[in-house]
Each structure stands twice: as C-alpha cells, then as structure tokens.
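The chain that follows stands alone, in the form predicted alone, written as structure tokens.
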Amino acid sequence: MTTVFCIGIAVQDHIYRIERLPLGAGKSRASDFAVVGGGLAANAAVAIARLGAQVLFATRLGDDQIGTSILDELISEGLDVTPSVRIKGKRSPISAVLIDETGERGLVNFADRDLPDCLEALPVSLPANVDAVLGDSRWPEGSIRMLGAARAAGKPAILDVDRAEGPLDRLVAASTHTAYAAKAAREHAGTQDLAEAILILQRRFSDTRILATDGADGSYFVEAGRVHHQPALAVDVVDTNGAGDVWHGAFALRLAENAPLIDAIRFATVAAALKCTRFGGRRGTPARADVEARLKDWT
C-alpha cells in the first residue's frame, strides 16, 4: 500500500454555521455546530487515509486534553501518529471557525508560537516504506528535514504554503512541489498578478514545481515556461473549511502513486470540491470511490 509521511499542524476546530459572517461587534446565532480536528497537515493526512493510503503523521502538541482529543481522532482515522510529540506545559492549537450560508469561512486560531524544534522525534532519512512527504510551514524545521529526506531519496516532497512567513525560501527549496494558496504566492513573489507570481517563483526555485490554488477559481501551474489553469469543479458549496488541505492531500497521494502532474491536479480538484458539499470541516472529506466516480463523469 502507498505510504505518505505528513508533517505539520493539527488543530481542534469548533465550527459554527451562521447566516452571515459578522462585520463588527454583536452576537450571532448558529444553526449548526461541530467539534472536529483541523489543521493543514492533519486535514491533508486524513484525506490521504480516506483516499486509500497509509499515513505516518508528525505534529507538535501540548500535554493537554485538546492534544489528546486531536490524536485520538487521528488514530480513529487510521493514522500512525508515532512520530508526533507532546510537549510538557504547552497548549495545543485550537480554532473557532464561522461558516456562512454561502460556505465561506471566518477563522480565529490559537497556536503556541514558542515550541521547540523537536527534531529528535523525526527520522534522519526517509523510512524505506514511505513513497512521499507532505509538509506545511507550521513545523518549519521538521518539514525542511522530512522534505529534504524525500528529495534525497528521489521521492515527491510536497509543501503546502498558506502564508508567506517563516523560513519560506528554505522550505520551498527543500520541496519537489510547492502548492501555494493564491494570497501566499502573491505575497512571496511581490506582485498581485497571480500568473506573474507563479512565473517569478518558478524562476526563483527552478528545481521545484510551483503551483497555486485559488478556491473557486481553480488552480494554476507552470508547464514549459507557461502558466496553465485548471478550473475548479462546480458544486453546491456548503462548507469550504479544509478544502485546500484536502486538495494538498489528494495531490500528494497521486504523486506518491507516480501519477502525471495534470492527473494529480485534476484528482485533487475533484476531492476538494466534494469536500465543500458537506458541513463540518474535514468530516466532509470524500472517499476514493466518490472522487473517482465524479472524476470519470467530469469533462
């Protein structure tokens, strides 16, 4: 079975469904509510597991009850969390997520910014059974180590960038594929033109494939020196929370399975769209059969 090593943040999400996102002070009444795990790397890891692969998952958590709940849920999804670390006296990440009637979200997150690198918890080289690594920027030194280990082993090393912060140049350089959120690509490249931003970044990191996801506008990638666009799959949107993370997980899985780049992008596009059709963050992450059936019908 294909195995992917995922490293980065895991969060507990408190998700509220409301009519509209608040514009200022006041109260809002929720029509639905869910407590579910979240976080870039964790959501991607769960997507990979639901899509049929084995997952080794590494994250840093506090020694609190929230951290225990986060890991228990990941274990229930079939993830091997052995590489994860519990840090005494620290608090685990938690988010309040507001989902409006259009499926758009507002989010407030707390994550302790003063965490040790904990590199001793990670392997020095890529385990022999691992086919790809997916990392985010929330555990930067850990992601740099594991992405670099994958590159050294000739395996896909995929980086998820949602914010232009931290040692980003080192993270991107360690990867074989970096998929930015559109805003992060613009910020890292220093231009508001997304196509131009991708070309700038591709020239800057010539040994890394540069991509960007832009929600309902689909995704962008460079092929033969030109920017190409993959439209999103049109669905009835209920909840966009975690859709980008599912995209990254599905994309990493298909690269681990040696799929061509465009096939991985299309598979990820369908998986992310199907996630948006259900309320509850990553509870809406689809199974592989659902993705493949929709992909087969999509022209």
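Residue indices: 1-based, along the sequence shown. Worth saying up front: this structure is predicted, and the values here are computed from it rather than measured.
There is another form of the same protein, the form predicted together with another copy of the chain; it is not shown, and what comes next is about it.
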Could you confirm whether residue 169 comes within 4.5 Å of another copy of the chain in the model of the complex, counting heavy atoms only?
-> no
With the cut-off set at 4.5 Å between non-hydrogen atoms, does residue 200 touch another copy of the chain in the model of the complex?
-> no
Find out whether any non-hydrogen atom of residue 98 is located within 4.5 angstroms of another copy of the chain in the model of the complex, and reply yes or no.
-> yes
Residue contact check: residue 32 to another copy of the chain in the model of the complex, 4.5 Å heavy atom | yes
As a check of understanding, the residue in 107, 182, 122, 173 with any heavy atom within 4.5 Å of another copy of the chain in the model of the complex should be identified as 107
Listed residue (72, 193, 165, 207) with a non-hydrogen atom within 4.5 angstroms of another copy of the chain in the model of the complex | 165
Pick from 22 to 30, 251 to 259, 269 to 277, 52 to 60: which stretch has a heavy atom within 4.5 Å of another copy of the chain in the model of the complex?
-> 22 to 30
